[in-house]
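Just the one chain here, the form predicted alone, laid out as structure tokens.
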């Protein structure tokens, strides 16, 4: 399975994810405070280099999704068809995260049938390895339906 590429700007995101926290980078300049994702060194609104990481509720709505089908990378092909969702965060509608809709934190990618996915469905973040077979791996933000 592919693992995230961690750079200096995004490292705190993955450190918080390892603890089970969804945090988003925010401008720390007084009077700005804009949230931004993906993480970057400079605020695109006021151009300040001061930033902080704000904890999010982890709630959101499915903004878009796709069901990939083979041919895929071998580890993914074994779980196809599965979903990839784009989730709009509840408290930051301009922030959208990509992940998978699953039945639980360490469930396989194909644990939610594609016909159950709806644009606008409310979801909650969970953190799991994304491997689905008990192997260790980075804790990834994944999504479960608020109403299964």
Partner chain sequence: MAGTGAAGLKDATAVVGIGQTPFAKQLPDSEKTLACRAILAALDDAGISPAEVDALASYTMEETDEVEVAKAVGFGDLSFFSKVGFGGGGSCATVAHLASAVATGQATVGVAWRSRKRGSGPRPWKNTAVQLPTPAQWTRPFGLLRPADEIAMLTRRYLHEYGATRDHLFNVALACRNRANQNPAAMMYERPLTRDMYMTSRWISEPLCLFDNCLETDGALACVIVSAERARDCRQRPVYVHSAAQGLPAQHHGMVNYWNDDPLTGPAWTAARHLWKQADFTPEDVDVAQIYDAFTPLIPLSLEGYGFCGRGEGGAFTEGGALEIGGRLPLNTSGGGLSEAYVHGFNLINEGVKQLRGTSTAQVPGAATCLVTAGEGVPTSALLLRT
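Note that the coordinates shown come from a computational prediction; the quantities given were computed from them, not determined experimentally. Numbering follows the first chain given and starts at 1.
The same protein also exists as the form predicted in complex with the partner chain; that form is not shown, yet it is the one meant from here on.
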Review point. Would residue 70 count as a contact of the partner chain in the predicted bound form, using a 4.5 angstroms cut-off between non-hydrogen atoms?
Key: yes
Practice item. Check whether residue 84 has any heavy atom within 4.5 Å of a heavy atom of the partner chain in the predicted bound form, and answer yes or no. Key: yes
Check your understanding: According to a 4.5 angstroms non-hydrogen atom cut-off, is residue 128 in contact with the partner chain in the predicted bound form?
Key -> no
Review point. Hey, in the predicted bound form, does residue 122 get a heavy atom within 4.5 angstroms of the partner chain?
Key: no
Check your understanding: Looking at 104, 38, 30, 41, which has any heavy atom no more than 4.5 Å from the partner chain in the predicted bound form?
Key -> 38
Point to revise | the partner chain in the predicted bound form - contacting residues of 9 to 26, heavy atom within 4.5 Å | key: 10, 13, 14
